[in-house]
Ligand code: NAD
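Presented below, as structure tokens, is a lone chain in the form predicted on its own.
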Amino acid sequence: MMQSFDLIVLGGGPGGYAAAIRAARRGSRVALIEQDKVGGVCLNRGCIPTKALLHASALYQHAKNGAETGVLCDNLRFDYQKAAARKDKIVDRLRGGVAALLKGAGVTVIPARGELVSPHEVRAQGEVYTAPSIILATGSRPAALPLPGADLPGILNSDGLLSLTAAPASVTIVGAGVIGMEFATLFSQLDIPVTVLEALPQALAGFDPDTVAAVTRSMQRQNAKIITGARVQGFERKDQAVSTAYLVNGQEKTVLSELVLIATGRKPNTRDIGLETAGVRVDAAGYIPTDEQMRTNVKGIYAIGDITGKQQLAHVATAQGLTAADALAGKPAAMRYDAVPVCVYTSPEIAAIGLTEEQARGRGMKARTGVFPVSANGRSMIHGQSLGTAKILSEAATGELLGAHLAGPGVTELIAGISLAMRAEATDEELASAIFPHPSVSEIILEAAHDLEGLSVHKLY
């Protein structure tokens, strides 16, 4: 017999499993269909394993430079195999936690590949499951690079790189987006030669140039090479290495490395899941358009996460999943994308939210900008960090907070406060009147808010 549920969720990533649990806790009978492992790319092959390795490499770098603080580490070395094993242990534990949460909420997990066969039916493992509502959460995959030699041994995507159990002797990274720059940070902190090739004029395109400059200066101090305006032409095997050919300023150059990481973006997993059969509309790039409640053009079918073409971030997928589940329950729910924090776990870290100065100008807004350097912050100095900045943008006439752009130690934890302030529609005056703890890195935000009026006490004018 055909099994019936109130809701079927296709995909068990951070958006899918959150939607399934939320709906189940509201009393719905929910089936979650996942062909791989619950937790999705973020938990298994993305956010979590990458940050585990970055934590290990940062510890190594701190120990290496600890003599000034009185921490002396003789015969210091890094065991990549142990770091990789710890990374896997963390992933396994968290994945087990997700499975326990699903079980505890009463969600039926079906370990299979699912495909729509009608607007209310999904086929998996030869069985057909039906529900009046379906949430599509099939995620994305690394984009392939259509260049000569891109399929040669030694050329990996992020999935392949995270499966390594030994450190490479050298790495070339194609693409200076978030993924590329985080891996560049990992290897440069391990004193492994890294060359990053980026076709655009700036690494981390779309981020505030001042915050990006702090990261690139830091990486260059660790002998990483970041080459912008570089268009990769192809790859060749040379003995045990890969030669990457690229054009920069009209000149063809090559770089030799043991491994090459292709980090040029991701593509939505919307092919071969029955969208055409169910009548779900996709755009030219393969993304599924939705409204603010995550509804597609087909009644009863919702889409969340990377397949929506919004922001490919785990926390956005989770928010979309909760929004869809709440909307299904008749609760007031609507997605907003104007105050989504974006974090880059480089050294220093970058955290951003809202508009950049360039974007504000492009919208014809009259924005004020307050800036404060990390080098003038006591807690940052204690951490041994002098590179970075805090930048606050507000609308000149109303004081509405338009954006914040931070580079410095631990700023990925601080941006949540700005997110709350923007969500609550706080003004720059209200932000500047708050009392921040001392000594703390968070004071760079307060000083930048004071600088909007030219009144920062700890800044020379």
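Values in this document were obtained by computation on a predicted structure and should not be read as measured data. One-based numbering along the sequence shown.
FYI, the form predicted in complex with this ligand isn't displayed, but the following is about it.
When contacts are judged by a 4.5 Å heavy atom cut-off, residue 318 does not count as touching this ligand in the predicted bound form. Interface residue remark: residue 255 is not counted as part of the site for this ligand in the predicted bound form, having no heavy atom within 4.5 Å. When contacts are judged by a 4.5 Å heavy atom cut-off, residue 176 counts as touching this ligand in the predicted bound form. The shortest heavy atom separation between residue 298 and this ligand in the predicted bound form exceeds 4.5 Å. Checked against this ligand in the predicted bound form, the candidates 370, 348, 114, 180 yield a single residue with a heavy atom inside 4.5 Å, and that residue is 180. The listed set 216, 389, 356, 264 contains one residue whose heavy atoms approach this ligand in the predicted bound form to within 4.5 Å, identified as 264.
Remark: of stretches 160 to 168, 265 to 273, 118 to 126, 325 to 333, the one touching this ligand in the predicted bound form is 265 to 273 (heavy atom within 4.5 Å). Looking at 410 to 427, no residue comes within 4.5 Å of this ligand in the predicted bound form, counting any heavy atom.
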